[in-house]
Every structure is written in C-alpha cells, then in structure tokens.
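Below you will find one chain, with nothing else, as structure tokens; this is the form predicted on its own, and questions on how it binds or moves follow later.
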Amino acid sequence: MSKDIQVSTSHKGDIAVISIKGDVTAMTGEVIGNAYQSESVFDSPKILLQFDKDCYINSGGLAALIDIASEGRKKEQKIHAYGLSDHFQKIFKMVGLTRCIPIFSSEEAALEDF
C-alpha cells in the first residue's frame, strides 16, 4: 500500500527544511534527492529533514537518505531529522545513519541542536 510522496522545502532562518510525507522508496527517493539538490537547499550549512509521522521507509528509501548523508558529510553540512516513528528510528540506528543524521524527538529539539 504505497502513499504518494510529497516533498517540500522551506527555511527557518539559516536552516533549510525538507518536509517529507508518504512512502520513501527507491522510486520516491529521487524526489527527496532533487529537493536536497535544489538551489535553496544544496548550499545550506544546516538541513532539517522533517518526516511525517506516517512515513514508511524501505531499503531503497534508506539508500537515498544515505546518499544525502554522504553528500552532506563531504560538504560539512549538519543534517538533523525528526518525526520518525520509533520503528524507523531503530532502523536508522541499525544502519548507522544516526552517526550522520541525528534524530530528535521534536522540531524544537532539532533546531536547538544546530
């Protein structure tokens, strides 16, 4: 049961925000990658990934997020995330994504840590 992906970008001060709703898969990961590559986000030193509470992420989607984490690390960007369910927080930890993209319990906590 796939939910269409909805990705938008915005800014909170000097922090670029990528809001993600729907299923994060290999096919929809490209949409997230395009948002990351957009001019308004790509050169930002701070990026916040805002996941909808009902987001589903499969291995293809994780690969897309790993690509973003890798690129961000090369560019010395700080990337934070929040909104992930407990299940996907565990998966992020298992695959090591939390080393590059720390997960926070709220938007406020993520913004404060920048």
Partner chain sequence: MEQLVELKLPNILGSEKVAIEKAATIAEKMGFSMDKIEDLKTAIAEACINAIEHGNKFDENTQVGITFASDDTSLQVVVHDEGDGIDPKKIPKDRVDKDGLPRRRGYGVFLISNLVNEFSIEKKPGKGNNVKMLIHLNR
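Numbering follows the first chain given and starts at 1. Given the structure is predicted, the values throughout are model-derived calculations rather than measurements.
Omitted from view is the form predicted together with the partner chain, to which the following refers.
Practice task
Decide whether Asp52 counts as a contact residue for the partner chain in the model of the complex under a heavy atom distance cut-off of 4.5 Å.
Solution key: The answer is no: Asp52 has no heavy atom within 4.5 Å of the partner chain.
Handout entry: Tyr56 within 4.5 Å of the partner chain in the model of the complex, heavy atoms
Key = Tyr56: contacts the partner chain in the model of the complex.
Practice task
Verify the contact flag for Tyr82: yes if a non-hydrogen atom of it lies within 4.5 Å of a non-hydrogen atom of the partner chain in the model of the complex, no if not.
Solution key: Heavy-atom contact with the partner chain at 4.5 Å: absent for Tyr82.
Problem - 4.5 Å heavy atom contact, Leu62 to the partner chain in the model of the complex - result: Heavy-atom contact with the partner chain at 4.5 Å: present for Leu62.
Exercise for the section: Report whether all of Asp67, Ser70 and His87 sit within 4.5 Å of the partner chain in the model of the complex, measuring from non-hydrogen atoms. Expected result: Spot residues vs the partner chain: full contact, yes.
Exercise for the section: Enumerate the residues of 88-107 that have a non-hydrogen atom within 4.5 Å of the partner chain in the model of the complex, in sequence order, or give none. Expected result: Residues within 4.5 Å: Phe88, Lys90, Ile91, Met94, Val95, Gly96, Leu97, Arg99, Cys100.
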